[in-house]
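Below, in structure tokens: the form predicted alone, a single chain.
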């Protein structure tokens, strides 16, 4: 079984693209997609991964598919995507708490 590399996760690609600056942007100009859009896209991709894993498992259980490898791979990919999403969520909550603790 081949391990799933973090670079293969679609949500990481979206986050990586958000952090890159376009070469032709002028100073002061808004760059890239808004963070909220990137976050929504990443959540949608995690949800798609979960839906795909659920469908693969149903196909395997109902006998429509005999490819256990694909079903297990889809479930593992959904699990890794979900864990990555939870790690990002925890970092965002920690950052929010840190900002709230700042004294002005």
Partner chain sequence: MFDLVSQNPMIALADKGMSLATQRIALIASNLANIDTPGYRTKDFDFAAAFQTEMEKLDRQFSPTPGSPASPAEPGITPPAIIHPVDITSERNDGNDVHLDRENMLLTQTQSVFTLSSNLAQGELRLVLGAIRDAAK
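Model, not experiment: these values are computed from the prediction. Positions refer to the first chain, counted from 1.
Unshown form predicted in complex with the partner chain; subsequent notes refer to it.
- Taking the partner from elsewhere, residue 36 is found to have every heavy atom lying beyond 4.5 Å of the partner chain in the predicted bound form.
- Contact annotation: residue 48 falls outside 4.5 Å of the partner chain in the predicted bound form, judged by heavy atom distances.
- Remark: residue 53 counts among the residues lining the partner chain in the predicted bound form, judged by a heavy atom distance of 4.5 Å or less.
- Residue contact check for residue 69: none of its heavy atoms lie within 4.5 Å of the partner chain in the predicted bound form.
- Of all the residues from 74-88, those having a non-hydrogen atom no more than 4.5 Å from the partner chain in the predicted bound form are 75, 79, 82, 83, 86.
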